[in-house]
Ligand code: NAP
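Only one chain is given next, in structure tokens, and it is the form predicted on its own.
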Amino acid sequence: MTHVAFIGLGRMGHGMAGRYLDAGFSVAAWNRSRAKADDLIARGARFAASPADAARGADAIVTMVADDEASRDVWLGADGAATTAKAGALAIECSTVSYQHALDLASDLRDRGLVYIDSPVTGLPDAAASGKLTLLVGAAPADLDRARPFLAPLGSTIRHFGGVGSGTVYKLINNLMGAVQIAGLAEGLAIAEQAGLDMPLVLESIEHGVAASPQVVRHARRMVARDFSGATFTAALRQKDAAYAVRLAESLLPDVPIGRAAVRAYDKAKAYAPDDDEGRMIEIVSQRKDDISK
């Protein structure tokens, strides 16, 4: 039986790990909190004592963690997956990390005999659980061919952008654009509210107008209703992704004023409610000037 190690069982990772069980893989899972693995264990997964334990004997190691620091730790730390992974195993990083981290990690893992692929994903937790994610891949063509059986349970749409790191570049672009759209939406809705416009009409106009996008449509009604239940993406994660994107942009472009403005907006959102839904941006921008000055 083909063996997969899955590391990181957060909002997205939990469903992704479950997809490997659905597809008939042998799965060893690790997460800092074992409680998040209980139902996966009941379905046949083995809960590993560490990333190193999970990776032992695995044909592919898949990680879905928060940031560069977490990625470095689960791969290269004292109990990291790379310490026990067998030569030739696939190292599939699905986390959204910085571009430089993706390049550095790829080099470190290649030196240890592993085959590195960056494959960050787009989609919400329900898409992760149903195998309908879009995979943004950076890899040599031959390495991608080897990895396809391990990517297929996660989603049928694979966008191959080029060599290692290129999937991460596109994911950062995607999430920076999302940050700009969501922050702009919050500001626009706050203006409409303060100006006394008919908000149901505003929502209808936004959803059917030229400014509509999946991000805008998904967040607009929730923002107006101040309904932030069931957070799918937090302010802290959006701020992290936007900051990584701007860091990359600054190495390529003469100026990135829009990206920097988005990062500043999410700096405030992260300070306000880091682990809450990113849609709470509306609560920050809708404060009246006289309230802020008090």
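This is a predicted model, so every value here is computed, not measured. When you see a residue number, it is the position in the sequence shown, counting from 1.
The same protein also has a form predicted in complex with the ligand, omitted here; what follows describes it.
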May I ask you to state whether R32 is within 4.5 Å of the ligand in the model of the complex, using heavy atom distances? yes
Does at least one non-hydrogen atom of V256 fall within 4.5 angstroms of the ligand in the model of the complex? no
Are any of the heavy atoms in A152 no more than 4.5 Å from a heavy atom of the ligand in the model of the complex? no
Decide whether I41 counts as a contact residue for the ligand in the model of the complex under a heavy atom distance cut-off of 4.5 Å. no
Tell me whether E187, R222 and Q239, taken together, all sit within 4.5 Å of the ligand in the model of the complex, counting heavy atoms only. no
Given a 4.5 Å cut-off on heavy atoms, tell me which of 95 to 103, 81 to 89, 189 to 197, 161 to 169 is the interface stretch with the ligand in the model of the complex. 95 to 103
Which of these residues, D73, E207, D108, D143, gets a heavy atom within 4.5 Å of the ligand in the model of the complex? D73
Position in contact with the ligand when the complex is considered in the model of the complex, options A48, A235, V65, A262, heavy atoms within 4.5 Å: V65
Residue by residue through 4 to 23, which ones have a non-hydrogen atom no more than 4.5 angstroms from the ligand in the model of the complex? G8, L9, G10, R11, M12, G13
